[in-house]
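One chain follows as structure tokens, the form predicted on its own.
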Amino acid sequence: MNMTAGETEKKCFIEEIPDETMVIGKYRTQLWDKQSGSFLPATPGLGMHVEIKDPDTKIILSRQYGSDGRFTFTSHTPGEHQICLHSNSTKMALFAGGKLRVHLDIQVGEHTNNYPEIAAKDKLTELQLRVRQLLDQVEQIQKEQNYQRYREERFRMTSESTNQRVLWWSITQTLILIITGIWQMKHLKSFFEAKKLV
């Protein structure tokens, strides 16, 4: 994913992540050069602040990194995690009104594993490595299914709550209409009796 940001502009996006899932983010920044009219590799002094919040808006990670970096976290609650990035630059660093391009790569779940490295470390055959990959994929699918069940349960609870409110609102409206009708009939009856029309 590529995004362009102003000098101290904060860019946030949301990633839906199941619980107990590892997430690795890698980013690389480029600075806009007005003279050449293109993006150039950022200077070493330029850094990025990464802040990650869980669905309960608790901060999981808040850390300063360099112009190129890698961040890792594990989700502990399922849901929408907010990932925010902004530069630590000042107006002098980006020459007033400068732009910054951020190349961001996020890997979730079994995609975070470096299988060639695992195979070399554990001395696995190709078949053993493939079995390990499949087991990791099955585990990630189970986490995704659990997360979808969790979302479905939340949605069902919201729907039932809304249906209950609609029911009580319509019962209240009906009672108000009946009471208003009875009051109007009594009022009209007393009006006609007073005018001696009945």
Partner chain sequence: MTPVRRFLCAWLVSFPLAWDSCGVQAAFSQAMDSDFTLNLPAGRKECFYQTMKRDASLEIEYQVLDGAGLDVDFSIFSPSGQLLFNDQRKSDGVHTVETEDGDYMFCFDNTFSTVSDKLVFFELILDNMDTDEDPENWKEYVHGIDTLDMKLEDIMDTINNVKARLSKSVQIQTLLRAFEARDRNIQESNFERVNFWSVVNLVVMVMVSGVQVYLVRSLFEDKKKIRT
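None of these values were measured; they are calculated from a predicted model. Here, rigid core means the biggest group of C-alpha atoms that superpose within 1.5 Å across both forms. Residue numbers count along the first chain shown, from 1.
Below, we refer to the form predicted in complex with the partner chain, which is not included among the displayed structures.
Within this chain, His49 is remote from the site of the partner chain in the predicted bound form, having no heavy atom within 4.5 Å. Residue contact with the partner chain in the predicted bound form: Cys84 places no heavy atom within 4.5 Å of it. In the predicted bound form, the partner chain lies farther than 4.5 Å from every heavy atom of Ile182. Residue contact check for Glu20: none of its heavy atoms lie within 4.5 Å of the partner chain in the predicted bound form.
Scanning 136-165 for heavy atoms within 4.5 Å of the partner chain in the predicted bound form gives Gln137, Val138, Ile141, Glu144, Gln145, Gln148, Arg151, Glu152, Arg154, Phe155, Thr158, Ser159, Ser161, Thr162, Arg165 in sequence order. Taking 2 Å as the criterion, Ile178 counts as shifted between the shown form and the other one: its C-alpha moves by at least this amount when the rigid core is aligned. When two forms of a protein are overlaid on their rigid core, residues whose CA moves 2 Å or more are considered shifted, and Ile14 is not one of them between the shown form and the other one.
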